[in-house]
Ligand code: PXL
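To begin, one chain is listed below as structure tokens, in the form predicted alone.
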């Protein structure tokens, strides 16, 4: 049977990010995707305006019925949460609903390009720094590493800087550290730290940047890793898939990355 994975993040009714991306990708990559939506947005926040319905008060009710039905999950993927109160609820979820050997994967999802996303502050960063101690794998980008550790953010850097970032992150993260979106020597990829060793996985650095590609990466990585692929293999496949999505997305498209076309082509090639 497929592994049952719970992903906890917000849901945008329109736009390719968060649960709208995670649910189909986890399913397509062969895991059963259960969801815990933290909020419902009319559309993602790259549009000029949006509505926001906070679902935090409902989560304890959801937990009540999960307990009654005896649900357990073999893995967890946390993405954009938006409120530090949700981190306590996430920990309660880990404690109550983890199957034996369940893996916890956390994408901090609070900043990029040296800046915090709108609505986030130092208290949220501190709460996330505390939460990642529970993770088996964390997937921060360099901005998130710098905010959580106090390391000076740089747009240009070398491997020594990446190694320093990992060293600082080790003070807070007890599991595997994977810094995503590492740009070195004209390529982009991940720096993977586990058991005292660091390895790099690189792919082609494309000139276009799109909203939601981190969510795509996290979903594909999680499915591959929890289905038995190595850390490096999971990063490579997630990076490859993201790159294909970027290639299939037209210029000026701000809904997100066109992952649907990539999945459709992959399904067609399997049938043939």
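Note that the coordinates shown come from a computational prediction; the quantities given were computed from them, not determined experimentally. Positions refer to the first chain, counted from 1.
Below, we refer to the form predicted together with the ligand, which is not included among the displayed structures.
For the chain shown here without its partner, which stretch in 204-212, 27-35, 56-64, 226-234 has non-hydrogen atoms within 4.5 angstroms of the ligand in the predicted complex? One stretch meets the cut-off, namely 204-212.
For residue 41, is any heavy atom within 4.5 Å of the ligand in the predicted complex, or not? Heavy-atom contact with the ligand at 4.5 Å: present for residue 41.
Given that the ligand is not shown alongside this chain, does residue 124 nevertheless sit within 4.5 Å of it in the predicted complex, heavy atom to heavy atom? Result no; residue 124 lies far from the ligand in the predicted complex.
Given that the ligand is not shown alongside this chain, does residue 17 nevertheless sit within 4.5 Å of it in the predicted complex, heavy atom to heavy atom? Yes, contact at 4.5 Å.
Any of the heavy atoms of residue 12 lying within 4.5 Å of the ligand in the predicted complex? Yes.
Does every residue of 180, 200 and 221 put a non-hydrogen atom within 4.5 angstroms of the ligand in the predicted complex? No, none of the three is in contact.
Sequence-ordered residues of 100-120 touching the ligand in the predicted complex, heavy atom within 4.5 Å: Just 117.
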